[in-house]
Each structure stands twice: as C-alpha cells, then as structure tokens.
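Below you will find one chain, with nothing else, as structure tokens; this is the form predicted alone, and questions on how it binds or moves follow later.
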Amino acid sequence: MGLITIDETLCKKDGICAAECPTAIIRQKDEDSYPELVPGGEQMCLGCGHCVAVCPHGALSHAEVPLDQCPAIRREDIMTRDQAVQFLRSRRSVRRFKDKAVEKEKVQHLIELARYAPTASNAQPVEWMVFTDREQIRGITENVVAWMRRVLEKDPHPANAPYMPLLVGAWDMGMDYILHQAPGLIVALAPKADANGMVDLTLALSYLELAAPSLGLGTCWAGLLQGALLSHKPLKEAMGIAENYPHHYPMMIGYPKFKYYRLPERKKPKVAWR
C-alpha cells in the first residue's frame, strides 16, 4: 500500500487533490487519469492531510492521515459571522479561580484539540507539561518570588519591571498575584531543533485557551512565570524543563470564579494598505 490510495469507484478525476497539494507531490497526467504520487513524493510529503480534506467525494486516503479518521465537516456547526465575532471577543484572561480542581480528563481533551493548531511544515513539535498539585504550583510561585527578590536586591526599582516590589509585598501579605492560586498550570514546550518553536507553541496555547470555555474553564497566560523561566535557570530545572527546550510558555487554568457579561472594546488596529 502506498502513501495515498485512490478509490477509483469514487474518484471523479477532477484534479482537486493535485492542485491543492502544498508540495506538489500529487499529479494527474491528464483528465482521463487518476491522481498519483510523483516519484520520491513520500520524502516530500508534509502529512498535512489537505489531499484528504479537499476531496469532495471521499475518494482519497493517506497512510498517515487515514480517511476513516477524518470526519466530514458538519455544515450545521459552522459559525456565522456574528457567532465568530462573539466567540473571539468574549475571550477573557481569568485571574480569579474557584477553589476547585480541574479534571485531568478535561485538560487532556484541551491538549488533544490544541494539536490541531498549525505548525511550521506541519512538524507538530509541541509537547506539554501539566501541573495539578496545589503544593507544587505554590512551590513554583515561591520560586518566582525568590527570583524577584534577587532582582530587587540588585535594583530596588527596576525600570523594566516596576511591578515587582508590589508583587513581592503582596505575596508577603498572603496574596498571590503571580499564579493567582490557579488549580492548574499547563506548559507548552518545543525543542531547540524547532526554529519556529515559539510560534508553534503559542498557536497551540491559543487554540487551547479558546476551547477552554466550552468546558467551563478559564485560562491566563502566565507571563511572570515565563519571565522567571527565561531569567532563572534553576527554576526551569526545578520544573523539569530540559535545557534543549528553549521554547516554552506557561498558562494558568481553572474554573472562573466570576462570569463576564460584556464584550470590551479594544484599540483600533493600525493598518497600512500597500
């Protein structure tokens, strides 16, 4: 069995799969021929599944993207323009969480969805770490605070991080404005070999956070923890992030304590039409 299989009883010889293939490894010699793989095409295939997805007849299957694992798009579930606008505008960064653990099954489901985010050359390099132990997450927060204290010892009023004294002071008073006592922490990672690692994992996290509300969950990008990870190697080691994984970003997750009822406005975009 080759990389692609054509069901000749279904194929209409319309050439759509050949025209759509991003690496041009599918060809159709003439209008009376069935599509076929070019010589050496296996080595150039991205495994993106475009050929399977674009065939309106369900006539093509791919060894790495089998037709029977590619459900048909349900037209009734396609968002309208207004639904898409509300869906995207209603995304909020959640920083107040209920005192409730997040089920591992729900986190796993979100990670499964996040793997459908685009990656450069369809490399799919993103890996995941999930922290759900409250004491472990608190320990990570304590490490971030300790890092901030060391920064403040050298410069009590850092111009690039004027918020640090306030955050450390709040922590000393029993308030967590770093990870906000989140019941869960997700870290997306990509290896050094992935030149587009930060882009790839950022897209994956974006998919995850957009899907989270469908499960009743809220998320927030943990920028303070990311800053500490980039600046303080011992914290990275303590969290188990290997040296050859320079691309990473953490995200808090939990059940939102409050609901939102409005769609706040943003700045107008600056667009240069050329």
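The structure displayed is predicted, hence computed values, not measured ones. Numbers follow the displayed sequence, beginning with 1.
One more form of this protein exists, namely the form predicted in complex with a small molecule; it is left out here, but the text below deals with it.
Only one segment in the set 52 to 60, 233 to 241, 214 to 222, 36 to 44 has residues whose heavy atoms sit within 4.5 Å of the small molecule in the predicted bound form; it is 214 to 222.
Interface membership of Tyr245, defined by any non-hydrogen atom within 4.5 Å of the small molecule in the predicted bound form, is ruled out. By the criterion of a heavy atom within 4.5 Å, Tyr207 is excluded from the residues contacting the small molecule in the predicted bound form. The closest non-hydrogen atom of His180 lies within 4.5 Å of the small molecule in the predicted bound form.
When the small molecule is considered in the predicted bound form, Lys259 lies well away from it, no heavy atom lying within 4.5 Å. Contact here is defined as any heavy atom lying within 4.5 Å of the small molecule in the predicted bound form, and by that definition not a single one of Lys98, Trp128 and Arg138 is a contact residue. Note on the partner interface in the predicted bound form: the residue among Ser93, Gln108, Gln83, Ser121 having a heavy atom within 4.5 angstroms of the small molecule is Ser93.
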